[in-house]
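Below, in structure tokens: the form predicted alone, a single chain.
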Amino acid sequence: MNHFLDIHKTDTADLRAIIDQARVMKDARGDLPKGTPDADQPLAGRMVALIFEKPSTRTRVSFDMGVRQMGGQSMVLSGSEMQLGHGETIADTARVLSRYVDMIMIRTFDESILLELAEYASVPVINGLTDRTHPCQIMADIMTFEEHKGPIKGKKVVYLGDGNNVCASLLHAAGQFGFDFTFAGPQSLEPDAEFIGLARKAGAKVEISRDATEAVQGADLIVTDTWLSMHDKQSARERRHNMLRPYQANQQLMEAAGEQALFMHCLPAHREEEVTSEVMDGPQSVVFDEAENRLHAQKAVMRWCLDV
């Protein structure tokens, strides 16, 4: 049994095997209609619980469709339906669910919920997102980059804006996949020193910059995310925008990076805020390939978790 909790907690060889498996599965589907089952049905007879404490579009649809394409069945549950951690401990919920299902994916707020669920579950647990990290997204990002540009090892990845959960998982990936990482953003929004330290300890070159134009010079990949979380108060909007406006992914910045640079965003995007439509819809953007690859990368993660 393998949990998929964070990129730095998974061996590099296993991460590479997951990416390779995702590409094989994607290629095997070719132009099949979306609802057509895969020729290989590794999840036949399996039930997967998909738990959402946070609202979701891509995570919900991609995991649900992935389970179905591989022959399994999914049970989608909201945190409010389960009263997760309210009235019953997370540990007890983990023990009970493990009697019913073969695997659990959870998208939640506090990382401690994920970790406790994994500690007491006797089936694999997958991190669909927490406030700290977003590993499935970054697996899809690496798959997408390598489809377009080849191996990511030794490449320069620049993250713009708020050092959030996407940024954290990119730092984990820098150490495991061997690419250089630059954060460009305000000092108050830097990623945690813990994440930077893990990447550097694993041998990755990590730089911090306050100048976005300088940071993107020679970048192979530029990544950004929304400036506001879905749960941030409206009162924070203007202050955040003023702080982050110098780090907007716009055409001028992409030109400073050079034609070789790809652009990614995990979506949903607030157009004309953290990224302009000119960049989102431009020739360097691969955001919709990236969104599609959530499906394929997560299918490979599920197969790895169940060893099927």
Ligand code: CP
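Residues carry their position along the shown sequence, with the first being 1. Only a predicted model underlies this, so the values are computations on that prediction, with no experimental measurement involved.
The same protein also has a form predicted in complex with the named molecule, omitted here; what follows describes it.
Note on the interface: of 185-193, 117-125, 131-139, 74-82, the segment with non-hydrogen atoms within 4.5 angstroms of the named molecule in the model of the complex is 131-139.
Contact check for Thr57: a heavy atom falls within 4.5 Å of the named molecule in the model of the complex. Remark: Pro268 counts among the residues lining the named molecule in the model of the complex, judged by a heavy atom distance of 4.5 Å or less. Shown alone here, His172 lies farther than 4.5 Å from the named molecule in the model of the complex, counting heavy atoms only. Contact check for Arg294: a heavy atom falls within 4.5 Å of the named molecule in the model of the complex. For the stretch 92-111, the set of residues having any non-hydrogen atom within 4.5 angstroms of the named molecule in the model of the complex comprises only Arg107.
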